[in-house]
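Listed next as structure tokens is one chain, alone, in the form predicted alone.
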Amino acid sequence: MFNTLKRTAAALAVASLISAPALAADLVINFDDLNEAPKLGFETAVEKFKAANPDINVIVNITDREAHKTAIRNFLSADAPDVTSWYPGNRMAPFVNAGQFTDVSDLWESEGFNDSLASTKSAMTIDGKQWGVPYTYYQWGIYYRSDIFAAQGIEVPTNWEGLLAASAKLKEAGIAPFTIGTKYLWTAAGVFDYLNLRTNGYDVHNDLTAGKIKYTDPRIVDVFEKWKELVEPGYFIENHATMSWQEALAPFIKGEAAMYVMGNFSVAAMREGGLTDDQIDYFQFPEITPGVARAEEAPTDAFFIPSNAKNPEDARKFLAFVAQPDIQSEWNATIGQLPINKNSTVGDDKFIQKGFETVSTAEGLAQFFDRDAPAEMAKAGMEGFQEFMIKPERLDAILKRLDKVQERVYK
């Protein structure tokens, strides 16, 4: 009797295993932004992915960006997730070179990303291969007081000569051509990046931040000589080293300064300060060297598959999912940034519209100096940029110092 019961129980157990649905696979995703809107955009996309893939059990770990920057070096080597957020360009290079990120070129090919995500392909590519899938970016450029331009009879400049002429006219009228707050250094890097991109182009910019050419290289010296044409006549607002980027908005809002080289996140603060869209507008940083392909400053966020991922198959499904035009449209509407898929839609906000046109038609996208360069080099570089803006006569010493830092950082 006992043996019969055992045989019956065993048969029932086998039958239940055969008839039971397959157990869900785990997909572990590490995300790097606890701020309300980015967190909501991510979580909403995850819920939609889960609804479309009910057989996948998604586990998310969300930390703030600074903690993520520290943790990623450990978890890629030890207990890697299946997907992690990170940054394109030179910031992904150490992990690519160490064999810690998975080549997803096949995904770019099969999903048509070479076309739909073309604006970011160069930033996602190392050694001819693509290493992740981007989901958002935002534009930089020159935000300006269109009402002041109109009152002074100034046309939007399209080249360097036009920018200098506009600056001279504004200065003569008692208006600072540019506001900027360099207290926290990175704003000066935005100016440097654009001057370099427009003077020398995207490849030189990447070679510099990758440590392949020196700061004393004649091409980089030329960038600073162009910068001098804005610094020495006093075209930047005084005392900028005492101001944060937010504090530097005050003279712009008051009409004491007319232009700001800045990212699109500043528009909300301009509006909160009382400016209307009839008073503010945006234009692409003007051409400097004729014929240099237009590259833009567009910090980009992306997802990567660690080489040690336990579930790379479902990780690929997630990367393909977050690149879909409707997913990117909704996600970026939530966070007030730009979708990368060219088939996505954007809202009717004029700055979002202009930004989408700017970055989606660019020949290359820089990730910003402090993302493109290693942390120690970025810190030294930005300190040098601020010093140059205050004491341009120190240029030679600054560049030689940066060369020494570069030799140490990249060896």
Partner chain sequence: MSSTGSAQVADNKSGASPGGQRSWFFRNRIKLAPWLFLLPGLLFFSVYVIAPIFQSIWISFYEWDGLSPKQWVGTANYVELLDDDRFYTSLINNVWWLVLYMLAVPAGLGIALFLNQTVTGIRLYKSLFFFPFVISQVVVGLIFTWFYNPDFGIVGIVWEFFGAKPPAILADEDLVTFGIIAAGLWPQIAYCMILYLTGLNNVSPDQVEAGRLDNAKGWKMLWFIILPQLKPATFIAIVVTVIGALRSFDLIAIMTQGGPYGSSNVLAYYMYETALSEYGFRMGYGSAIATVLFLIMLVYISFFLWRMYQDEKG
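Numbering follows the first chain given and starts at 1. As the structure is a prediction and not an experimental result, all values here were calculated from the model.
The same protein also has a form predicted together with the partner chain, omitted here; what follows describes it.
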Counting only non-hydrogen atoms, choose the one of 315-323, 212-220, 271-279, 233-241 that falls within 4.5 Å of the partner chain in the model of the complex.
233-241
Just give me the single entry in Asp55, Glu36, Glu47, Glu66 that has a non-hydrogen atom within 4.5 angstroms of the partner chain in the model of the complex.
Glu66
In the model of the complex, which of the listed residues (Phe283, Phe95, Trp160, Phe224) lies with a heavy atom within 4.5 Å of the partner chain?
Phe95
Indicate whether Ala375 is a 4.5 Å heavy atom neighbour of the partner chain in the model of the complex.
yes
If you check in the model of the complex, is Arg91 within 4.5 Å of the partner chain, heavy atoms only?
yes
Can you check whether Met382 is within 4.5 Å of the partner chain in the model of the complex, heavy atom basis?
yes
So in the model of the complex, does Gln386 come within 4.5 Å of the partner chain, heavy atom to heavy atom?
yes
Establish, in the model of the complex, whether Lys169, Arg198 and Lys354 all lie within 4.5 Å of the partner chain, using non-hydrogen atoms for the distance.
no
Report the direction of the Cα distance change between Val96 and Val204 in the model of the complex, compared with the displayed form, as closer or farther; the change is 3 Å or more.
farther
Pair Tyr184/Ala71, Cα separation in the model of the complex versus the displayed form, closer or farther by 3 angstroms or more
closer
